[in-house]
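There is one chain below, alone, in structure tokens, taken in the form predicted alone.
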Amino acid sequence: MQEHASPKLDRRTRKRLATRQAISDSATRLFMEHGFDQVTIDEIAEAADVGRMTVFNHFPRKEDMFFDREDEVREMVFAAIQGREEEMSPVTALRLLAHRCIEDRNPLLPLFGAPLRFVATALASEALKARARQMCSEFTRVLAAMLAESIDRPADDTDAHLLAGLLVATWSVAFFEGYNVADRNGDAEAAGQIFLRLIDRGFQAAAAAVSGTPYV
């Protein structure tokens, strides 16, 4: 992941961000070269030229160094929901976000080129797969809260939680079906088409589940 320190940040903050970036870059390189489970914290610290505790100060878990763009994904989704046009539903805003990700080949959707290695590395590690499942569950709760807030409903709104679960499940299935195509024959266009076809169908079904509500 690449972070860009703003010139308005103080020197201490810039230094902290630069250290975090160096750790992230070193970890990513080692994970891609050797596999996640084969790389140790000590090796990452040495490659980044920092101490072991410095690594943990920035990344409490080894898995966090691999999935270090989760906040960016959440920010992207939040921006799509909050920045939608007044007459647009949250479901439509998220469906259009999926289409933009494919059109722009957004690196946060690793279906194209080098990022495919990221997915392959994750699938080869039980620890990463377990963390990915945990993150998916966490994101579903976060998305439910985002959806509820977007139409001024309480965070525990049952329709929001139902909708969030269906949307996240759709995205997950669509992504892995697209990945399987890209990984098998390298056809990025076909992978994107399959991803979007499943997104459109799944989001339509999710919308039907909460029909009659402001979510759709």
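Between two forms, the rigid core is the largest collection of C-alphas that superpose within 1.5 Å. Quick note: we count residues from 1 along the sequence shown, nothing fancier. Because the structure is a prediction, the values reported are computed rather than measured.
The following text describes the form predicted together with the DNA, which does not appear among the structures shown.
Judged by heavy atoms within 4.5 Å of the DNA in the predicted complex, the contact stretch among the candidates 56-64, 175-183, 160-168, 144-152 is 56-64. Annotated contacts: 188, 197 and 204 are all free of the DNA in the predicted complex [non-hydrogen atom within 4.5 angstroms]. The DNA in the predicted complex is approached by residue 52, whose closest heavy atom lies within 4.5 angstroms of it.
The closest non-hydrogen atom of residue 21 lies beyond 4.5 Å of the DNA in the predicted complex. The closest non-hydrogen atom of residue 41 lies within 4.5 Å of the DNA in the predicted complex. In a rigid-core overlay of the protein, residue 205 has its C-alpha displaced by under 2 Å between the shown form and the other one.
Comparing the forms between the shown form and the other one, the C-alpha position of residue 193 differs by less than 2 angstroms, with the core used for superposition.
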